[in-house]
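Okay, so here's just one chain, in structure tokens, the form predicted alone.
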Amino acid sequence: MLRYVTTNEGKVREALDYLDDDVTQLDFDYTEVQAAELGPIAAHGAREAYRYAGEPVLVDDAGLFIGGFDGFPGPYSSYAEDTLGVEAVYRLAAAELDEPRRASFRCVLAYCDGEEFEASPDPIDRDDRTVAAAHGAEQDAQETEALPVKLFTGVVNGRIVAPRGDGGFGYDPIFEHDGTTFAEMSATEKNGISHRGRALAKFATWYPERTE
């Protein structure tokens, strides 16, 4: 059984649209290292979660990247949401950036089952010790042992707008794609085009071959 590591049930429901009944939620608080990109963060979390669960795991890291702010909040999206708030991020963008205030949602899924992977066009991350060192963490021999992690990415482009809509979560009310914010879309509509949905679609195509 595949364990999706998250405390957000909405993410699990989205994953079930692509993976049928092959995934269950695992509520595990893995260490979220600091990095300038999403991939190393998700990869580190997948290794830690696999060592905890002893089962195949899927970890995601996602963020809102605002072009005019050199990608901020990016990997720090959760922190910015918790400390500044979504509406404050909109106000900052509205005050500092000209229209159309281009942005993108990006997601990286990291899969780990303790085994090697065959070569494929998708990137395979094998070692996050550099990220761990930058984080300032001292790890024992087990933790520094490289576990292969396969990464799947999804991106959706849009722009930052005044908050609209009551659905979704996080930055959904201020992110508009093709004239509609994510918070104005139904769950089905959003899942069909979201950054996480696009990453899940890639994973769902590959995963059955892994389990054969």
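Residue positions are given as counts along the sequence shown, with the first one as 1. Note that the structure is predicted; figures quoted are calculated from it, not measured.
Omitted here: the form predicted in complex with a small molecule. The next part is about that form.
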Evaluate K190 for contact with the small molecule in the predicted bound form, applying a 4.5 angstroms cut-off between non-hydrogen atoms, and reply yes or no. yes
Flag Y50 as yes or no: does it have a non-hydrogen atom within 4.5 angstroms of any non-hydrogen atom of the small molecule in the predicted bound form? no
With the partner left out here, check for me: in the predicted bound form, does some heavy atom of E32 sit within 4.5 Å of the small molecule? yes
Applying a 4.5 Å heavy atom distance criterion, does P163 contact the small molecule in the predicted bound form? no
Any chance all of Y4, D22 and D113 sit within 4.5 Å of the small molecule in the predicted bound form, going by non-hydrogen atoms? no
